[in-house]
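Listed next as structure tokens is one chain, alone, in the form predicted alone.
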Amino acid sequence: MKKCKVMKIFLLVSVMLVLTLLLSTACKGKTSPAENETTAAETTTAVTEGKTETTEEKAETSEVKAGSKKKVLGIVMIDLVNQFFVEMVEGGNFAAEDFGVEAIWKSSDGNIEKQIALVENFIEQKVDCILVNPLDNDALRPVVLKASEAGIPTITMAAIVDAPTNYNTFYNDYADTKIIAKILANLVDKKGKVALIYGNKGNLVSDLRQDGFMDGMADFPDIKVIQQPSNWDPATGLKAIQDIMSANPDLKGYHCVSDAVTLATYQAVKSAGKTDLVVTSYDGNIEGSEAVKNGEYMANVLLGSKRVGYWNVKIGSQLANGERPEEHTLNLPTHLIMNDDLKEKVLEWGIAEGASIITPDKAIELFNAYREELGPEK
């Protein structure tokens, strides 16, 4: 009996030891969230288990690394699906590398409540600077003030939010589009019908470009401007120009506030055989600059999505490191794009005083040379 009892105890102890070993092995196979997190610098290139992850998927996994020696920027975008925003991330990550900071990108998915919550989360994480592309300036102001009270500088990209430590970054939208309007007016002999296809009411970038265009056209009373929104959507813009051309067969030209929309509208123009229309655009994407070079568009403005991302992260890194510009509204340098023959006329007309005018070839070069143009040595 004793022998049998000893054997039972021995077997019980053995089973417990095996279970302990198995549990220990399983725990070692797990990694902590910190070990699994991905930095923003990897957002555009990382591949996991044979599947390339999207910018949005990668950006959403990033969190502030415990004990990181780098200054950390928390960046809240409207979304991470729109191609312009995707390219902003690409340019911004290069700036983070060049200026020695960590950039963490988050998507608001077009939802203001989520945007506010993401900013609050960055405040709780005590990042060194917060950048946000506001969906609603007024709704965002309280949380921007909260960041200011916490001693965290902020940047509202393409927006104005009044707070002690907030900086507003802009792109000369109003002034550039006012010049573009005057160029278009002169090219249609200062009379007739032209169209403006804007983004949407309430979006500050669209409003500034729309206001600049209309104020530029105010000097030409014999020109009638027909306006239609595109909601920044190429398909909506294409439908808008089709409707405008159908209702106004005597249309002489039009301006679009975004290259992505202009490229789509021009397909409708070609299909309708209206290639004599004077077309101008904004953004200076490579395709847009090539359209100026080959004569499809008469003029464009170089903004550049990657330049925008790079420049904003550059400013964010400076704020994170304690620099405080005197001006709270900062402007990214932009360039008017046109061929030399039009540049000569524009200078004669005297409507682009102080503006930088470059050729399409130079614009294409600068579109991807933002590191050289805006880098640490500049």
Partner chain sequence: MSAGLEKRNNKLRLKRQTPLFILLFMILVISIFNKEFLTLQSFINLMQQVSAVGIVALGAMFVLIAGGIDLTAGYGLAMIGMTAATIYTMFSEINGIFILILITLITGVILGLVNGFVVAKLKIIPFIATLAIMSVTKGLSLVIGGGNMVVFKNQQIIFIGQGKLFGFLPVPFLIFILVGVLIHLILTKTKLGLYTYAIGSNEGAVRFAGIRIVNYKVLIYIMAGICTGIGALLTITKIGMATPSMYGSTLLDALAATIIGGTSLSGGRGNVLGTIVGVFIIVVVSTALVYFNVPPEMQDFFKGMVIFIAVGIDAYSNKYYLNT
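Between two forms, the rigid core is the largest collection of C-alphas that superpose within 1.5 Å. Positions refer to the first chain, counted from 1. Being a predicted model, the structure only gives us computed values, none of them experimental.
There is also a form predicted in complex with the partner chain; it is not shown, and the following applies to it.
Student: Contact check in the predicted bound form: Val81, Pro229 and Ser271 versus the partner chain, with a cutoff of 4.5 Å between any heavy atoms. Do all three pass?
Tutor: Per the other structure, all of Val81, Pro229 and Ser271 touch the partner chain.
Student: Between Lys190, Lys146, Lys239, Lys126, only one gets a heavy atom within 4.5 angstroms of the partner chain in the predicted bound form; which residue is that?
Tutor: None of the other options qualify; the answer is Lys239.
Student: Exactly one residue in Ala175, Ile223, Ile244, Met298 has a non-hydrogen atom within 4.5 Å of the partner chain in the predicted bound form; which is it?
Tutor: By the 4.5 Å heavy-atom cutoff, the listed residue in contact is Ile244.
Student: Does Pro234 reach the partner chain in the predicted bound form if we count a contact as any heavy atom within 4.5 Å?
Tutor: Within the cut-off, so yes.
Student: Quick one: is Asn285 in contact with the partner chain in the predicted bound form, heavy atoms, 4.5 Å cut-off?
Tutor: Yes, Asn285 sits close enough to the partner chain in the predicted bound form that at least one of its heavy atoms falls within 4.5 Å.
Student: Does any part of Gly202 reach within 4.5 Å of the partner chain in the predicted bound form? Heavy atoms only, please.
Tutor: Contact with the partner chain, no.
Student: Does the partner chain get within 4.5 angstroms of any non-hydrogen atom of Asp219 in the predicted bound form?
Tutor: Residue-level check for Asp219: no, no contact with the partner chain.
Student: Partner absent here, but in the predicted bound form, which of 137-145, 261-269, 96-104, 178-186 has residues with a heavy atom within 4.5 Å of the partner chain?
Tutor: Heavy atoms within 4.5 Å of the partner chain in the predicted bound form occur in 261-269.
Student: Would you say Ser108 moves its Cα by 2 Å or more between this form and the one not shown, aligning on the core?
Tutor: Passes the 2 Å threshold, so yes.
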